[in-house]
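This document starts with one chain, in the form predicted on its own, laid out as structure tokens.
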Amino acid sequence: MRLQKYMAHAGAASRRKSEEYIAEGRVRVNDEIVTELGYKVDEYKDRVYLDDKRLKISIDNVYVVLNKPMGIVSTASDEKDRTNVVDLIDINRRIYPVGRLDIDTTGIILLTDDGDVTNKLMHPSKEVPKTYIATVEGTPKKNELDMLRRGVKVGREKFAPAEVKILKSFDDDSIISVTIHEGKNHQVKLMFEKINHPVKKLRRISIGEIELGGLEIGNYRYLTKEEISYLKKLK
């Protein structure tokens, strides 16, 4: 964004008057005085001052929910140049995924440029529930599921109690609803490996009150006002 446009959006003055301020050497970007009228600033990173008074513009944050397909990495960039979740969002803003899903896991992932909301969702103390639908080998017995309900230790890692419920059982595998309140790496997979029922397929369907619903795989949508309000109210 051009410096004079930034100043106008911040309410400092009109663009023309802002240009005068710039030419007079009254405007500073970060630690340097700028007199170039075409100078471009990053509205997210740069600090702009007029006569040592900080100018700020109001930028609405973006909140997107994506139904992540298999084979897509949950990062904003990838050293192996693989397709990432940000590549699937057609938006001219820097947004980042909140947390991660394994490359072979599908389902809901949030992307935003709101750092406060990201920190709330990622902080362990918030215990935001995340629900998955897991297809696992065989059908776990009640005592095995009770292990997960009490909390299970895998190596040095201790996973908090989970809510688990068998939805369907077949000859070779079963479909299970799993709700966890942590976001540790490979958590659901490790939990079921511990009880000898490895995960064959995994899909996350909700993060707190944000649900995947009928969103088709590979598609995304912007959060509603109600969903954004819910995220902002997380304590």
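Since we're looking at a predicted model, the values are computed, not measured. One rule holds for the numbers: they count along the sequence shown, beginning at 1.
Another form, the form predicted in complex with a small molecule, is not on view; read the next lines as being about it.
Colleague: Could you check which residue among H186, K194, H181, K200 gets a heavy atom within 4.5 Å of the small molecule in the predicted bound form?
Modeller: So the residue touching the small molecule in the predicted bound form, by this definition, is H186.
Colleague: Which listed residue (D87, D78, D102, E137) meets the criterion of a heavy atom within 4.5 Å of the small molecule in the predicted bound form?
Modeller: None of the others qualify; the residue that does is D102.
Colleague: Given a 4.5 Å cut-off on heavy atoms, tell me which of 31 to 39, 206 to 214, 168 to 176, 186 to 194 is the interface stretch with the small molecule in the predicted bound form.
Modeller: Within 4.5 Å of the partner lies stretch 186 to 194.
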